[in-house]
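Two forms of the same protein chain are encoded below as structure tokens; each is given separately, as structure 1 and structure 2.
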Structure 1
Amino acid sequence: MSNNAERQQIPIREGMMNIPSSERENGRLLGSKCNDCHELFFIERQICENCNGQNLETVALSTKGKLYAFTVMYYPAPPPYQAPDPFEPYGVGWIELPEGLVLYSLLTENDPQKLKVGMDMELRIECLRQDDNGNDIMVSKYRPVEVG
């Protein structure tokens, strides 16, 4: 691709996130809230998995949460999450949001000595890799919040 202005940022999965419009902003993960039974879901959906209703609205989820559990993977990520270096260790964890949802997510940290269950985490939207057309494939990751 010869012109960077043509490059787009594309979520790794449609309905998963809002992409930030500038580097000073951070995107938000998107969910759905059922207006009938009030159940909340991560990733937009059309039908409530709790009551099968179709009266859902899109909501932006909190950008902060707590690390519920984690591990560091030492083997290549499955599709579509392959990074440019498939043998680079990567952290994954469960993040508990204030809304009560617990999300499975990539982590920015891959050193288990720097991660602790219960620590504060915040959302980052980052480029995982480029597709064949030179577009940035964007993913959500959580990083430890700096204390102090």
Structure 2
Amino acid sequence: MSNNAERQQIPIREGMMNIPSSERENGRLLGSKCNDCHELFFIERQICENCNGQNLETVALSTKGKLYAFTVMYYPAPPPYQAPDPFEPYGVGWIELPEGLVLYSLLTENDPQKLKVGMDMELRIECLRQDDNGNDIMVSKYRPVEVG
């Protein structure tokens, strides 16, 4: 069990998310806010794309948003993408958050008939797979909010 004690959950990209501390919680995606021009960005960064300012602070982003646009990919992407066996088509889309930021994300849903621009979406953080050290590699996806 000693291995398990050291096992960690690691975001697939540093500065991308807060890992939930328990299974009851859902993590938050992280962004940067420019203190000079007030623009927002997904994922922590050092330089503002808009004003070139370097005075940015980390902010947690809303977990809910609306679907802005989407697609479903029916072929495996080229490497380094590792397709599951058997390959499953996967949904990707842009989510518009209440704070005015639109971010790009994997979706849990892969049936285009079940996706609609403007529908409510919520964040889900899940394990992609384990790395060589047995740590969980964590990724974010958005899923349609169940109605009713």
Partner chain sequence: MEDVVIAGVGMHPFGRYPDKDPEDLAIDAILKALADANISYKDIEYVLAGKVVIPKEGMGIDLMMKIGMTGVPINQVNAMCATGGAMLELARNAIHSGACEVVLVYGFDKHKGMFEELGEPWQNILGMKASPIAFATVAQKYMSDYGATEEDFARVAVKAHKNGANNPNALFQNIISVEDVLNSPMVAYPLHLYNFCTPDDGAAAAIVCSKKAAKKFGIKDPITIAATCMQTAQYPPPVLEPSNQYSVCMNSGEGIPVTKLAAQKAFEMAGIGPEDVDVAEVQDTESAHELVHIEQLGFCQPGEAFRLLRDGEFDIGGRLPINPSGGIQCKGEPPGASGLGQVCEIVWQMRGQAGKRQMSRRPRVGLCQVFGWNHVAAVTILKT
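By rigid core we mean the largest C-alpha set that fits within 1.5 Å across both forms. Values in this document were obtained by computation on a predicted structure and should not be read as measured data. Here, a residue number simply tells you its place in the sequence of structure 1, counted from 1.
Between the two isolated copies of the chain, the second is the form predicted together with the partner chain.
With the core held fixed between structure 1 and structure 2, Pro98 has its Cα displaced by under 2 Å.
For Tyr81, the Cα coordinates differ by 2 angstroms or more between structure 1 and structure 2 after the core has been superposed.
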